[in-house]
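Just the one chain here, laid out as structure tokens, in the form predicted alone.
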Amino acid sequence: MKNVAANIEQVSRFYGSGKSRLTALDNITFKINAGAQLALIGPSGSGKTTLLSLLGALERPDSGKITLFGANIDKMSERESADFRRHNVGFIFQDDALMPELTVAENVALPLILVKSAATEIKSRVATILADLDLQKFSQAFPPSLSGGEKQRVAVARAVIHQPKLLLADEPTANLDSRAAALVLNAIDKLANAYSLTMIMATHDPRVYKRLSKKLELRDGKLV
């Protein structure tokens, strides 16, 4: 039996208070096995981004419990949460979120720098992952000179360079045409499989969720 990567128990998340309080997630319970790759589907406003933020230790639930790889993340301090993210979680956002003043290689290296990897290891791993994604020719380029699809593939490389246990992707192809989206999804597939990552990809794009056999659907903050 596979180990459980994530255990979400009766989790709710609210924004605002009083009459203006909004329910983003309503009593969510589910488990994810280690190595599973699933699509988190549902319309805009269904709670997908909120759930990813909770799983990535960026936010805390208002009620319930979240356990990731044996760690109870909803009880962590801000410092503990940040340290947990650096070592265990990779993020791919709808916007590539690259730093325009850094080169492609420097952007990809950031997660390794944060965990204080040796300079020789950083150089080697960055070169390897850029070659794997056919991005080595952009190594010394700056993000503004790249296309949207190229920037998003760089963002994929940055998200997994430190070999996290969990990869969270939030609408990673939303701003891309079909060809660029396919290249980004191929890059995600390649690295997620190579590193045996547990992956959750939030999307309402059929180009994305048709590629993943496991699906979790949210509507109005509830599991369907």
Partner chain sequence: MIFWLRFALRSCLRRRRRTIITLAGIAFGVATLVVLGAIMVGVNDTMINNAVAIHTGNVVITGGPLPMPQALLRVDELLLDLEATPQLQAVMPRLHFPALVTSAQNNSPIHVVAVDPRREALQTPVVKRIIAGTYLNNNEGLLLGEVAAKRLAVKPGDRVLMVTPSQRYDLKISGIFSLGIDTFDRSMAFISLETAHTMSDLEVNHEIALFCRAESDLGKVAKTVALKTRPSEEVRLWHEILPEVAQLVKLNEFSMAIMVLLVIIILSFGVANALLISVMDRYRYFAILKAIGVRPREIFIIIMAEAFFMCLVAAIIGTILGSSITLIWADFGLDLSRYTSANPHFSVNSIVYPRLTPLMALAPQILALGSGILAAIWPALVAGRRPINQVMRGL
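Only a predicted model underlies this, so the values are computations on that prediction, with no experimental measurement involved. Positions refer to the first chain, counted from 1.
We do not show the form predicted in complex with its partner chain, though everything after this point is about it.
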Among 30-38, 172-180, 56-64, 188-196, the stretch whose residues bring a heavy atom within 4.5 Å of its partner chain in the predicted bound form is 56-64
Answer key, its partner chain contact in the predicted bound form at 4.5 Å (heavy atoms) among L114, A127, A71, L146: the residue is L114
On the criterion of a non-hydrogen atom at 4.5 angstroms or closer, are T49, L102 and R158 all touching its partner chain in the predicted bound form?
yes
Worksheet item: Is the gap between F138 and its partner chain in the predicted bound form 4.5 Å or less for some heavy atom pair?
Response: no
Check your understanding: So, in the predicted bound form, is L110 in contact with its partner chain at a 4.5 angstroms heavy atom limit?
Key -> yes
Within a 4.5 Å heavy atom cut-off, is K75 in contact with its partner chain in the predicted bound form?
no
Practice item. Considering only heavy atoms, tell me if A82 and its partner chain come within 4.5 Å of each other in the predicted bound form. Key: yes
Restricting to 81-98, the residues within 4.5 Å of its partner chain in the predicted bound form through any heavy atom are A82, D83, R85, R86, F91, F93, D95, A97
